[in-house]
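Only one chain is shown below, in structure tokens, and it's the form predicted alone.
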């Protein structure tokens, strides 16, 4: 899980086209629809540079964000100041807070970065410890049937922002015996002003998950599944649905 180091500094630029407001509106609808509690406190696991958390804070929720990447947390703390918002660096497998939460979120495939049953169990166990009774856990992940049906392909993304041009090449390698995809990123940055080129590589190891696996992790840790749906659309997942949202209740 030693990722998002140099990559962190270009993360927001790479995902500038991501509609964070639409995603948070979607998450809020899920909370309002499925939570039995009056939801005030939210824990955001794998909060990254803090954009989701900041938008939730503006809606009146009290948010704690945690991420393994110190670089990401530094950016979140620098960019977002709000009385309802705090960020810290930590491991979502073994964090400890002296409070419980009404909602725990883990968005943008953070769960898929947990590639072993042991690590997944640690996270589900830890989430259960930090949720109030009837609290809800909302997460999304790579959906196994879709990954197998629509095999990962090489993708290239190019962008220009301020004084730099950036090219990202993502080369995947799938290990079907382990339900894992290695995504090998090559990043090339050209500083236009200084005519200087930097390049680096990061490997992000991603696990795709199936319904029966999710159900077991939930039942073993005191959760029940409320709904599984296609991210944002709310449609029933199928073999074309790479990203699936799971809404779970602590029982």
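Numbering follows the first chain given and starts at 1. Values in this document were obtained by computation on a predicted structure and should not be read as measured data.
The form predicted together with a small molecule exists for this protein as well; it is not shown, and the discussion that follows is about that form.
In summary, the region of this chain contacting the small molecule in the predicted complex, judged by heavy atoms within 4.5 Å and restricted to 89 to 97, 128 to 136, 165 to 173, 150 to 158, corresponds to 89 to 97.
Interface residue remark: residue 10 is not counted as part of the site for the small molecule in the predicted complex, having no heavy atom within 4.5 Å. Contact between residue 18 and the small molecule in the predicted complex is found at the 4.5 Å heavy atom cutoff. Interface membership of residue 64, defined by any non-hydrogen atom within 4.5 Å of the small molecule in the predicted complex, is ruled out. Of the heavy atoms in residue 108, some are within 4.5 Å of the small molecule in the predicted complex. This chain is displayed alone, yet in the predicted complex one of 85, 141, 114, 104 has a heavy atom within 4.5 Å of the small molecule; that residue is 114. The contact residue chosen from 68, 226, 30, 189 relative to the small molecule in the predicted complex is 68, the criterion being a non-hydrogen atom within 4.5 angstroms.
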